[in-house]
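Presented as structure tokens, the chain that follows is alone, the form predicted alone.
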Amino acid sequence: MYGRRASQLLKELSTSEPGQLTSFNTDLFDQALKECNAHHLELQSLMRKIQEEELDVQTTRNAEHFGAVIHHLSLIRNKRCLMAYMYNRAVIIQSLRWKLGPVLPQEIQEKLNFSEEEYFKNYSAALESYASELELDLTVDMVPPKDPYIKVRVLDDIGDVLLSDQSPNLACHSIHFLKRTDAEQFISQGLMEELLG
């Protein structure tokens, strides 16, 4: 049945947890692309037959016409499904950039295909370029803070780090009182946790 492979991609996307990235389904995606190419070739062949018979494309209602309509609509449906699959993955990739910063963890990188990796790099570069023009880190403080300083516990040994107002030794399990803007990047990478209360 036409369009089944492309719709399976969307079903796979809808069954995954919202905001979570599943591995890119290269096999199913390639099969849907091959089906698009086959529809395109069939459509061209049928249109050529209609033109060779010198029939009016607008008024002719024969087997070639209806076959061309079926292949054309199937091609459009497959394209829409493939575009929806890619668009939804791109939205998730953008949100990961805002949440995790410019470096994705290895387990997420393994789920991306080459074009998505390039998209993430280009999106990160555009975001960083824009932020540098504004001279403002847009990825920090998505919610306005109540206090500019927070109490954090270091989860992994980071070592000596130069921060905006101090240069502490961030040893594993040590507790520090840092500027929120300095701590956010370490928290998003899972190297620190904020201590509430």
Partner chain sequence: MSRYFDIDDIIMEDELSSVVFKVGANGVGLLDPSAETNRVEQGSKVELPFWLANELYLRQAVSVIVPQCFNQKTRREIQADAAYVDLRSRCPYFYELGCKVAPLIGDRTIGSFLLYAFMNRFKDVLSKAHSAAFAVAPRFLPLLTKEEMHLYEAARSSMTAFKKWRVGGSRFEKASILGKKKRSGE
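Keep in mind the model is a prediction, meaning the values are calculated, not measured. Positions refer to the first chain, counted from 1.
The next section is about a form of this same protein that is not shown, the form predicted in complex with the partner chain.
*Asks:* With heavy atoms only and a cut-off of 4.5 Å, decide whether Ser23 touches the partner chain in the predicted bound form.
*Replies:* Answer no; every heavy atom of Ser23 is more than 4.5 Å from the partner chain in the predicted bound form.
*Asks:* Check Pro102 for me: does it contact the partner chain in the predicted bound form (non-hydrogen atoms, 4.5 angstroms)?
*Replies:* No - in the predicted bound form, heavy atoms of Pro102 and the partner chain never come within 4.5 Å of each other.
*Asks:* Going by a heavy atom distance of 4.5 Å, is Leu170 a contact of the partner chain in the predicted bound form?
*Replies:* Leu170 lies outside the contact set for the partner chain.
*Asks:* Is Arg180 close enough to touch the partner chain in the predicted bound form, meaning at least one heavy atom pair within 4.5 Å?
*Replies:* Within the cut-off, so yes.
*Asks:* Taking the partner chain in the predicted bound form as the reference, which of Leu163, Leu46, Ile158, Leu28 has a non-hydrogen atom within 4.5 Å?
*Replies:* After the contact test, the surviving option is Leu46.
*Asks:* Check each residue of 83-107 against the partner chain in the predicted bound form and list those with a heavy atom within 4.5 Å, in sequence order.
*Replies:* Read in sequence order, the residues that approach the partner chain (within 4.5 Å, in the predicted bound form) are Met83, Ala84, Tyr87, Asn88, Ile92, Leu96, Lys99, Leu100, Pro105, Glu107.
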